[in-house]
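One chain comes next, on its own, written out as C-alpha cells in the form predicted on its own.
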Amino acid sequence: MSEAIVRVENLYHRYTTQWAVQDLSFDVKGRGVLGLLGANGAGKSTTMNIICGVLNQTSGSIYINGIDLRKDPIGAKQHIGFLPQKPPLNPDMTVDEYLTFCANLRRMRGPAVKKAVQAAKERCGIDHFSKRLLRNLSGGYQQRVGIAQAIVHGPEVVVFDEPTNGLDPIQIVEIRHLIKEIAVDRSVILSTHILPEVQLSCDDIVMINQGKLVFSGTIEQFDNYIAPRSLLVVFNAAPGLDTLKAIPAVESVDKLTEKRFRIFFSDPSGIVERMVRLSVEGNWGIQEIALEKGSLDEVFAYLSGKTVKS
C-alpha cells in the first residue's frame, strides 16, 4: 500500500453548539479516487473545507504530504487543489486570464505559468476556449475550468466537492471520466451524496453520517456490506403470483407489469440460478434478471446499526 498523501486524525468541528464533525480519522492513498460519501448535512463539505485549509477545525490534525496543515498552512496547501461545490470563477475573465490568475495565486511565476496553464487546459479539454469569457461557457465547461484551476499548479491531491451537481447526464459522464483520468497520477478526494457516483468512480470509500465515520474501505468491501434483497425479473410467459411466492426463500412478489416482477427474498444464495432453472423447467422465458441492492438510506442505516422501514 502506498504512503498516505492525506491523513486526517481525530478531527472535530463545531458550529456554535452543534458538532458538524466528530472524531473523524482516515487516510488517503497516493493515487486513485477516494469517495467521501454521506447524505446532505452529513459533514462532507465541512471536512473538505478543513482539509483544504478553508476552515480551521475545532480540534484534531490534518497532514498533507506529511505537513501539518495547521502549523504550516502555506507549505501544506502547495500540495493540494480544491474545487468547491460552486466553481470560484470570475465571469468577466477569459479562460486564459482566469487560469493565469489562479497560477499566480499558487505562487507560480515566469514561463512556468504559461506552461502550467496550457497543460491544465489540454487535460480538461478547454484549450479551444482560451479566449472565451467564462460567463459565455456552458455549465459543463465552466466545471471543466473549475477543475483546471484545481490542478494548474500540479498538486499531489485534488479535492472535488459534489463536482457533478447541476450537470446534465452527458456532462456528468464526461466529468466523471475526466476525474478518473486526473486520478491516474495523483490522489483525488470526491465528495458526494450520490451512491452510484462513488460506485462508478471510486477505488476506496469513507462514509460519514452525522459527522461520524461509519465505514472506511474499498469499493468491493462497501458493496458487500448490503446483500441483494430483491430480483427484478422480466418473463416472456410469466407464471402466476402463487407460483413465484412458492419458490424457496421468496418472501413476497410485486407485479409491476404483466411481464415484469420484483421478487423479494430472505436468502440470496443461489436465488438467480434457482430462478433460471425454474424458468427453463416451466417455460417462463426469462428476458431479463437483475439483483437489486439496498438504497443509500438502507446502507446508512445498516452501517449505523439502525433499521429502515420499507
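Residue positions are given as counts along the sequence shown, with the first one as 1. Worth saying up front: this structure is predicted, and the values here are computed from it rather than measured.
Another form exists, predicted together with a small molecule; not displayed. Remarks below refer to it.
- This chain is displayed without the small molecule, yet in the predicted bound form the stretch 39-47 from 242-250, 39-47, 255-263, 59-67 comes within 4.5 Å of it by heavy atoms.
- Looking at A20, you'd find a heavy atom of it within 4.5 angstroms of the small molecule in the predicted bound form.
- With a 4.5 Å cutoff on heavy atoms, H193 counts as touching the small molecule in the predicted bound form.
- Heavy atoms of E162 reach within 4.5 Å of the small molecule in the predicted bound form, making it an interface residue.
- At least one heavy atom of Q85 is located within 4.5 Å of the small molecule in the predicted bound form.
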